[in-house]
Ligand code: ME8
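Encoded as structure tokens, the following chain is the form predicted on its own, with no partner shown.
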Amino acid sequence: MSKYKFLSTPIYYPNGKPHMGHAFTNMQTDIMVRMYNLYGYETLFSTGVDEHGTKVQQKAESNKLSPQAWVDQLVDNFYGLNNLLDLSEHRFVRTSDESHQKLVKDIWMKISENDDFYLKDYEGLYCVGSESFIKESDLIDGNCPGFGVPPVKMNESNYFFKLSKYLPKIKEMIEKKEINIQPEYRAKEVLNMIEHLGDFSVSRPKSSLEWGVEVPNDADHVMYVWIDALSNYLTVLGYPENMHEFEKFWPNVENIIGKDILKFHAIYFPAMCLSLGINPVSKIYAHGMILVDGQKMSKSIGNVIDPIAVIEKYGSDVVRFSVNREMPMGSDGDFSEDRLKEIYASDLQSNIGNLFSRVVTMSHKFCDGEIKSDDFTEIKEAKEKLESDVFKHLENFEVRKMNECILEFSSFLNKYVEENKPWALNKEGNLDRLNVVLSNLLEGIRFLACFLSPILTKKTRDMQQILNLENFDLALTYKVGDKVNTISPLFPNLTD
């Protein structure tokens, strides 16, 4: 089994401040990356921003700035959110970077040499919001779906990519799960989409759009969205110039995306990869949207959640834990601060925090905080189950279920406390049994902290100090004579 994983989020349009949807995708990806690290994988984690296009050019002009100055200003918001979330990303892609643009031009030429582009005049309805041409039948009350503004009628010359050439192969690969789309019902959606798709535009004339990567064999055109943006998953690995990282990580690449951009990642990008003569992304996970009281976040409704404000109020650990505790795999899920507080009180304070406090306090009260026994057989089965179940859910992108397994293990340890009553064993003078019970509990919370570390990235640093650990390692166990430090409350009451 290969021990490499490359996990990537989409690259986001920096046409405004990042919202809770951006935060959710990044949090889920980061948790999975850190969990793979826990299992001994070498990982690569990329995210970034898609800086070109009509929207950015128009916004820059309205703010009397150059497009580059405008995106330089906006990208700081995304850096700031990632820092607040305590993300562990290795690469942050900016499509305005010279390194990306150089490699994208190489990719364009490789596709061009495969005779998969052609130039034609095209007239259609263009939606600036989605940066795409749309059909009149897709309009809602004459407006672009999801944006509430009318499209613009355009008549211009574009380069098109021969998507139709690759659709039969993509359909076959999805059906054989060579392109594994999760949840599975999303794969059925993609197969339905394929029946209605044809070639798509990949350039805009400079007379319509200047802010983009110049087409290398036609200086009158710039690349339009798909070749530029989707290629980031290749250019971030140095493809096609430096193949070392590409050959190591590409066989194990996984895209974590929102369901609204599934078509581009499950159909357009695989077709581009086939044109380049490389295998498409092997696994794609399309998650749902974060809702507020069952409604999609919208500026007009006034229910948009600012993730930065929420994180600054409650801390990144609380947001990382609570949001991923709630969101079902692939489906939409609600977010509310009231529910966040409920989860904090029940799961973090009562279940996990209370367990740590009781075990560490009793270990100091009854055995000087020292491991007195290395017989951990009483929790061995539960440990093995946790390790196995979490990995199974990790491979299936089921972050919520990973969270549930971790909480079940914490509940198991709480039950172990109640059934074995260390305080009673001490009172009875049954020190041999007391030492076994407390040593099992200390080893249990050490193991629990390992699995919490990809989620509670800051609080587990406190746990690491309390448990006197150099690092979180699944392969290690406590030894007789190891000692733990004293503890203060891990999860104090939240303040409004």
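Only a predicted model underlies this, so the values are computations on that prediction, with no experimental measurement involved. One-based numbering along the sequence shown.
Omitted from view is the form predicted together with the named molecule, to which the following refers.
Engineer: Does any part of His100 reach within 4.5 Å of the named molecule in the predicted complex? Heavy atoms only, please.
Structural biologist: Outside the cut-off, so no.
Engineer: Can you work out whether Tyr478 and the named molecule are in contact in the predicted complex, taking contact to mean some heavy atom pair no more than 4.5 Å apart?
Structural biologist: Because no heavy atom of Tyr478 falls inside 4.5 Å of the named molecule in the predicted complex, the answer is no.
Engineer: Does His265 reach the named molecule in the predicted complex, with heavy atoms at most 4.5 Å apart?
Structural biologist: Because a heavy atom of His265 falls inside 4.5 Å of the named molecule in the predicted complex, the answer is yes.
Engineer: Is Pro205 near the named molecule? Define near as a heavy atom within 4.5 Å, in the predicted complex.
Structural biologist: Pro205: no, not in contact with the named molecule in the predicted complex.
Engineer: Please tell me which of Tyr314, Trp250, Tyr233, Phe160 lies within 4.5 Å of the named molecule in the predicted complex, judged by heavy atoms.
Structural biologist: Comparing distances to the named molecule in the predicted complex, the residue within 4.5 Å is Tyr233.
Engineer: Tell me, which of Gly124, Gly369, Gly258, Gly353 has a heavy atom within 4.5 angstroms of the named molecule in the predicted complex?
Structural biologist: Of the candidates Gly124, Gly369, Gly258, Gly353, Gly258 is the one lying within 4.5 Å of the named molecule in the predicted complex.
Engineer: If we take heavy atoms and a 4.5 Å cut-off, which stretch out of 275-283, 242-250, 289-297, 394-402 is in contact with the named molecule in the predicted complex?
Structural biologist: Among the listed stretches, the partner-contacting one is 289-297.
Engineer: The named molecule is absent from this chain, but in the predicted complex, do Gly444, Phe447 and Ile466 each have a non-hydrogen atom within 4.5 Å of it?
Structural biologist: Result no, not one residue of the spot touches the named molecule.
Engineer: Relative to the named molecule in the predicted complex, which residues of 9-24 have a heavy atom no more than 4.5 Å away?
Structural biologist: Pro10, Ile11, Tyr12, Tyr13, His19, Gly21, His22, Phe24, in sequence order.
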